[in-house]
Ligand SMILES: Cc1cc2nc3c(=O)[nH]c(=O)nc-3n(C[C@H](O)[C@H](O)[C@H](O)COP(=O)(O)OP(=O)(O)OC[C@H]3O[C@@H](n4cnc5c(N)ncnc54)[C@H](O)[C@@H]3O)c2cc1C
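The chain that follows stands alone, in the form predicted on its own, written as structure tokens.
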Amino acid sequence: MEINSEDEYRLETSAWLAENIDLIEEKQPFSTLHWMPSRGRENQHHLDCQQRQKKLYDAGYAGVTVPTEYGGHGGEPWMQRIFREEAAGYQVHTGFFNSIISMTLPALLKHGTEEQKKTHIPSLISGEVSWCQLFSEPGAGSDLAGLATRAELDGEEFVIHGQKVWNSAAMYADMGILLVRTNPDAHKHEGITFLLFDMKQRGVEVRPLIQAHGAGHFAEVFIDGAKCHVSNVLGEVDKGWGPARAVMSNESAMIGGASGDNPQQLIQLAQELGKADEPVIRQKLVAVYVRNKLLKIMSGKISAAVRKGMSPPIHPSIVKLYVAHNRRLEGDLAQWLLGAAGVVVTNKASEWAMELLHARYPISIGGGTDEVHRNNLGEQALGLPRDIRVDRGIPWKDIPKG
């Protein structure tokens, strides 16, 4: 495209945002994203995010580059870049809708059948249908390939039994991306099948897991005899590890790209408390600010490579580990600034600081634990010897379970 076309798109985007979307500053300062002291507030948050996703989609700013035959707008990658640049400072975040689309859409586009793409992608990117991820299990978190949820074929339907855990927004989900064990005689990375799973059916029970900050965002899901037609297999039966890795890679990149505006909030907090001129505080603020700038640069390089169909120039695990460490530094600094006031639940800045402190845990666990990503870097990026695996080449059913 010629530069004048990009300029026109930028002007159009800027005008639409100004007319249709609130500025973050016009919302409550130190606003929280996951601080949910009541189920009512959590339900409203989900509804707001769903409506915002639909609003962005209708205006052409969600599903920008998705082909029109799958419900997208058939745009160019530079349009996404311009929208992100112009949307800075606007309330455009769509919560877990953004997250699950980032994880599920690439897998559907790459591994889905034409029927699956035409059926599921339009309602996914518009937010009309809510999705969740059903991967981790109580005995298969870091070692996801050890999953035990089983699916047995009965005619043209799989009958499924098992338990999943740490499933974000599962209580709102209409559909789920589900990993099941379909061949226990195969090695654990084989014999896994990826299903597009109907959550609104008999045999599915969702139980919210209440976290320290009061939110029930995570859930555990019990599946007892629920069914899934073979037409909803993503990829091939017993070959689900490939699509699953694509989802996990996009999940890591998505989490790594979630740099947020914490440096600005921390600077504002220091200024309001009269601590912005203290040398130690200034040093810590600079460290957080610089790390977030570096994180955005790394995330930008990865996104640019992905848009061009190239391999990322930076291993995604580096970005994932970097953002996890950033969250620890930010949470500690917020509480240090506030002192005892950091746990006063009637103050917005304190709620924000407590959420920031708590964020270190899901960020360090979601999308693969820090330990898993360090192993990935050692083995894949640095070429270090792989961990000794006593289960290598052994059928899953013969691996000792503890």
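Numbering starts at 1 and follows the sequence shown. Note that this is a predicted model, so its numbers are computed, not measured.
Keep in mind that the form predicted in complex with the named molecule is not shown, yet the notes after this line are about it.
Interface membership of residue 342, defined by any non-hydrogen atom within 4.5 Å of the named molecule in the predicted bound form, is ruled out. Contact annotation: residue 181 falls outside 4.5 Å of the named molecule in the predicted bound form, judged by heavy atom distances. By the criterion of a heavy atom within 4.5 Å, residue 365 is counted among the residues contacting the named molecule in the predicted bound form. Of the heavy atoms in residue 58, none are within 4.5 Å of the named molecule in the predicted bound form. Stretch-level contact check against the named molecule in the predicted bound form with heavy atoms at 4.5 Å: of 162-170, 82-90, 112-120, 195-203, the positive one is 162-170.
Checking 98, 232, 149, 136 against the named molecule in the predicted bound form, a heavy atom within 4.5 Å turns up for just one residue: 136. Residue 141 is the only one of 71, 141, 75, 331 with a heavy atom lying within 4.5 Å of the named molecule in the predicted bound form. Using a 4.5 Å cut-off to the named molecule in the predicted bound form, each of 218, 371 and 375 places a heavy atom inside that distance.
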